[in-house]
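Next comes just one chain, in structure tokens: the form predicted on its own.
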Amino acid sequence: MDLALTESQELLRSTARSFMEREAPVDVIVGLQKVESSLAPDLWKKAAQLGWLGIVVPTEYGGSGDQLSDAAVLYEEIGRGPLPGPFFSSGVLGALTVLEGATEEQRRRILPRVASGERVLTVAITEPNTSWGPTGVTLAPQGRNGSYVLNGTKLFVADATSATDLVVAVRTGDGPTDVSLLHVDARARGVTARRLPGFVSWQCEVTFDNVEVPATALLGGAQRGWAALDRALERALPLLCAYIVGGCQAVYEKSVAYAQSRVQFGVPIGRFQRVQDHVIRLVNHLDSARWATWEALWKLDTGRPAAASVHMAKAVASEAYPEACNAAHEVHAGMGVLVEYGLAAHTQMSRTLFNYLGDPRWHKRRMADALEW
């Protein structure tokens, strides 16, 4: 496995880094933490013009159809912010879910508008008092005059306050994986989204109060939703991990720079062994997340069986980001808790992504299942 970037990937990284430095410096990131919607219209429009919102969407549906490793270069740079917004929830998970689960007509109707940024997708899966996975989907639609009627709640729906469209996982059978996907207008009567308070980044609650959805909103066939989600997640999770790697890298760079510039007892604090220990611990977590992520990407791009590596990457990266932030706070001490400094944004994001789309324990179990096969 060669981690060296190609010439086109180096160009993409340079472009993305310049974009982040110019459009999303620390003060912008900190400001975005305080608003209700994670979508900054100007940033979103510029990202769309660069083709980033359709980077994993095939060319026949209006995207650029890049390899996952190309998209990972982009998402690592976005993660350095960490720049919030539905880049992943719409441009990756939402788009891949439609690609894997929808009919050809539905793909041609939905995906070009997602790739252009005109529509913003998010996927609503988890629910109150249930676990992650197909058995945790209990929201069952009722039939009415040839339509579906939704009543219930979805939790931890990423960027729902920014979304124009929801892909909602619903229970349509008694089997553990009898899940279907409904394409729901996020602005429809009876749909309410609110940002969840607390130590999470852009996770939302979506409630459905007698929301009527036409039968044509069913993506693909009935009871095939979880299989489609599983295929989409296998390709989407390594890009989420790349975002995490970017966050770990930024935290590392902040910590090293601070250790070199902060002087105590007449010397930079980086001269102290305990500070060095924290930096080394941070590097170890950064490297583990990077290697696990790129192994999964390499396998996916080369057509190798990748399920075990994808689950390992999510487990390792989800644990690495909070631990990297913990080590960074040890280096920074009081400075690290200042919101305007920017480290706190990473700390908050690391706690959010720890559980998002399955916590490390769940992915370790799935990794073991994949290795058994």
Partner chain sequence: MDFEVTYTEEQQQFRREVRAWLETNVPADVQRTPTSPEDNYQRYLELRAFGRKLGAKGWLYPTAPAKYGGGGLDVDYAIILEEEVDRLDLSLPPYYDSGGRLGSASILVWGTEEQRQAFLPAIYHGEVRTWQLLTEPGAGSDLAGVRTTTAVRDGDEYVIKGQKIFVGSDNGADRIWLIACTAPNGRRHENLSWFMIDANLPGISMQPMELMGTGGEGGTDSGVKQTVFFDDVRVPAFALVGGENKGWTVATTHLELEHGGGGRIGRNRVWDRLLRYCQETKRDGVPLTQQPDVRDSLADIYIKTEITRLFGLRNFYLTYARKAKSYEGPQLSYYRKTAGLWMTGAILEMVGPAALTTDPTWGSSAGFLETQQRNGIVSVHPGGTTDIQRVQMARRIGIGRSTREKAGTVHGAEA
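Since the structure is predicted, the reported quantities are computational estimates derived from the model, not experimental observations. Residue numbers count along the first chain shown, from 1.
In what follows, reference is made to the form predicted in complex with its partner chain, a form of this protein that is not presented.
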M1, V256 and A292 each touching its partner chain in the predicted complex (heavy atom, 4.5 Å) | yes
Checked N151, T138, Q260, T192 for heavy atoms within 4.5 Å of its partner chain in the predicted complex; positive is Q260
In the predicted complex, which of the listed residues (L196, A217, A227, V283) lies with a heavy atom within 4.5 Å of its partner chain?
-> V283
Using 4.5 Å between non-hydrogen atoms, is G270 touching its partner chain in the predicted complex?
-> yes
Wondering, does Y252 line up within 4.5 Å of its partner chain in the predicted complex on heavy atoms?
-> yes
Quick one: does V279 come within 4.5 Å of its partner chain in the predicted complex, counting heavy atoms only?
-> yes
Wondering, does V57 line up within 4.5 Å of its partner chain in the predicted complex on heavy atoms?
-> no
Go through 81 to 89, 97 to 105, 155 to 163, 292 to 300 and give me the stretch that gets within 4.5 Å of its partner chain in the predicted complex, heavy atoms only.
-> 292 to 300
Residues of stretch 338 to 369 in contact with its partner chain in the predicted complex (4.5 Å, non-hydrogen atom) = R361, K364, R365, M367, A368, D369
